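Below you will find one chain, with nothing else, as structure tokens; this is the form predicted on its own, and questions on how it binds or moves follow later.
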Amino acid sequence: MAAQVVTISSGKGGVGKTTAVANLAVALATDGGRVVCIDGDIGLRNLDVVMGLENRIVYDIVDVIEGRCKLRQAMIRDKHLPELYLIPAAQTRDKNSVSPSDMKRICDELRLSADFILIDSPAGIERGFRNAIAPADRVLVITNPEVSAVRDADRVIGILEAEEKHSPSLVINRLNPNLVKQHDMLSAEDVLDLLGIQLIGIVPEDEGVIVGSNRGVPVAQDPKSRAGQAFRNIAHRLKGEEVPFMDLDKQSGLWDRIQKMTGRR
């Protein structure tokens, strides 16, 4: 079966998009899938660092496009998961080095040998974003529960709909139930009301995510991490499985309402 191409995007930078890509890739590969990650952020690559593969880069995606190597040569195998690969971005080139047709061609070549292709899109709505969404079968939009991030996510959703990339799914990242209770952070319900798209996951605030990213060990590998479990749940939903949302705050009825809003209860 041909791979599903999933682009992970955001309007605002710094919302945890690259970390989400790494964690979803680890979760899917741990569950038996063959996964290829593509870093689409030409000139500002970070996915290799989050995955702990920065010292193994020989070729990058621009080398493939410009014919200096074959696609297979640019694929870096993960240290722990033999069915997980990374195609890194070029560090010394810009986004004009890649076109939407280049991305489609590379993904078409990968489709028959992978189960999932995850593309880490640059933040914003410029050339790099359009490159990243060109081959996508599905797009996940990641936002933090704060007004500026949600506003930028709303603009991205509008562009996706105009480009006929139908039904993007939403990941709310770094939700802190205590701040929501104190009215210092938007609730998941607030974000859903503002954006009006399908929710695929809520990832709680977890300092272990930063620690894992700095060490090149995504928290999806940690069975004790709440954020890791949230990423694993999103991975199951990408595979079409029905998974209830985690109860991040047992003292409120918020999560019961989320289950009802998403049809999972």
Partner chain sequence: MHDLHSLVQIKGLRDGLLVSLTDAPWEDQQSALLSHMDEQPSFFQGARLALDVGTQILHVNEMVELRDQLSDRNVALWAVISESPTTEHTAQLLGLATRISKPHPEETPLPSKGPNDETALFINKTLRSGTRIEYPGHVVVLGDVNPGAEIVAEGNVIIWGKLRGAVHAGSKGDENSKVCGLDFSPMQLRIAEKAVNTKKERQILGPVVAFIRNERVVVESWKFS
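Positions refer to the first chain, counted from 1. Just so it is clear, the structure is predicted and the values come from calculations on it, not from any experiment.
The same protein also exists as the form predicted together with its partner chain; that form is not shown, yet it is the one meant from here on.
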Review point. S99: heavy atom within 4.5 Å of its partner chain in the predicted bound form?
Key: yes
Point to revise | Partner proximity in the predicted bound form: K79 to its partner chain, non-hydrogen atom cutoff 4.5 Å | key: no
Check your understanding: Given that the partner is absent here, does P223 sit within 4.5 Å of its partner chain in the predicted bound form, heavy atoms only?
Key -> no
Check your understanding: Is G32 close enough to touch its partner chain in the predicted bound form, meaning at least one heavy atom pair within 4.5 Å?
Key -> no
Revision key, fill the gap. Note: exactly one of L44, I197, I57, V49 sits with a heavy atom within 4.5 Å of its partner chain in the predicted bound form, namely I197
Exercise for review: Taking 4.5 Å between heavy atoms as the contact cutoff, choose which of R93, R130, R138, K181 touches its partner chain in the predicted bound form.
Suggested key: R130
Review point. Thinking of D63, E66 and L71 as the candidate spot, does its partner chain come within 4.5 Å of a heavy atom on all of them in the predicted bound form?
Key: no
Check your understanding: When its partner chain is placed as it is in the predicted bound form, which of 110-118, 170-178, 156-164, 81-89 ends up with heavy atoms within 4.5 Å of it?
Key -> 156-164
